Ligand SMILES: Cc1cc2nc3c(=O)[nH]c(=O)nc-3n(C[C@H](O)[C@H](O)[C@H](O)COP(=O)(O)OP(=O)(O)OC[C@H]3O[C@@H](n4cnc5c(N)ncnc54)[C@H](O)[C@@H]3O)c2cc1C
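Shown here is one chain on its own, the form predicted on its own, set out as structure tokens.
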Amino acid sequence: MIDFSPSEDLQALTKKVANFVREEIVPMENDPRQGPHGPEESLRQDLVSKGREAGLLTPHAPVEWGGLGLDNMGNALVFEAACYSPLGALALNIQAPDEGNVHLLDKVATDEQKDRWLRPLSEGRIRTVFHMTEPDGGAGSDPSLMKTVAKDDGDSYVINGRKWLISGIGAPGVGLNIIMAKTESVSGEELGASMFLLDGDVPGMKIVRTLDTMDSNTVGAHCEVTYDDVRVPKDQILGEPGKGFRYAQIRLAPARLTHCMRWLGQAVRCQEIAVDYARERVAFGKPIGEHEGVGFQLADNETDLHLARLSTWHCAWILDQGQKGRRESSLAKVFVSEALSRVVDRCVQVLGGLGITADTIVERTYRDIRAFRIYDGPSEVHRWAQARDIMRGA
């Protein structure tokens, strides 16, 4: 039997995070430095300062690079507690895509690259951007369709192409761009996809437009970007040329899982708000929570939250055993994203008219969490991959 019981130290840390978020971060949720394209960089810096002062910054990063060195099970508890507020991930420096890029750099980057980018990232001094998704039939759910090309040109590579839905690039504070591109030799031979590391200010890289999206929780929003003869020195390739897709898998499994951890925190918050309202709001002679139509929705929420948490913890445990966890993270991502979407949707319904207003955090979470079923692979792609494995007997 798997023992999910946290150590006393981890329990204490989780409680500290929960208290910090409720006391320091929740009161900042109405800060005017938030808009349809996400929080401003100055707000992120203020939140990071609070996390740093509390000694809670970047809990998932290795200690030698400025983090707390938690394993995946530790992250599961701390991330959920941190994301009780939609600003909690920023305060602890565990927001996407930075969180996943910390793991990627730790596993693949050279010591020189880590000192240049991982250290300031772990210390909350820079943000990072991961460039993968493309429009117009390019790389998305099928990364093999990648059209952005990096061509060998002596002591460097030259990148040309276009990507979109690139999260976080449209605001100051970006210190590292990680660009996925199809690699070609001098003669034009395809060498596979590679990852390239570039500083924040890159000649030849241009933001074409900022996309208007449902969610509003990313500093720098989501943008469309073009690359016109962007030159990258060969010592700024991440890992080995042609192994970009392999490295992407290193990043994807834990990144899918930490999305589950973070959204659990916000779904729990929505459930608490719905339960409090169901106890106070009276209709037809009694609190609405005593009517089965409402009470059953709250009960279903508790079921979904419980099973989503168990699914997340189980996958975290598997990763901590040194297993790849590809299939488990895929299963967790599908189930948890859909279960938590149901939870938040029911909370809106329980709140009635109040639920569609900005008077509670539920309306914002409802808009933000919808994207969870799409990024890092839509549910349909994960189901397709699972069905393929089933038919192969894998």
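As the structure is a computational prediction, the values presented were derived from the model and not from experiment. A residue's number is simply how far along the shown sequence it sits, counting from 1.
There is another form of this protein, the form predicted in complex with the named molecule, and it is not shown here; the text below is about that form.
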Among 164 to 172, 113 to 121, 230 to 238, 192 to 200, which stretch sits within 4.5 Å of the named molecule in the model of the complex, heavy atoms only?
164 to 172
Exercise: Asp215 in contact with the named molecule in the model of the complex, heavy atom 4.5 Å:
yes
Using 4.5 Å between non-hydrogen atoms, is Leu10 touching the named molecule in the model of the complex?
no
Close approach of Ser311 to the named molecule in the model of the complex, 4.5 Å, heavy atom:
no
Contact of Met132 with the named molecule in the model of the complex (heavy atom, 4.5 Å):
yes
May I ask you to choose, among Arg127, Arg269, Lys182, His222, the residue with a heavy atom within 4.5 Å of the named molecule in the model of the complex?
His222
Near the named molecule in the model of the complex, with a heavy atom at 4.5 Å or closer, the residues from 356 to 394 are Ala371, Ile374, Tyr375, Asp376, Pro378, Glu380, Val381, Trp384
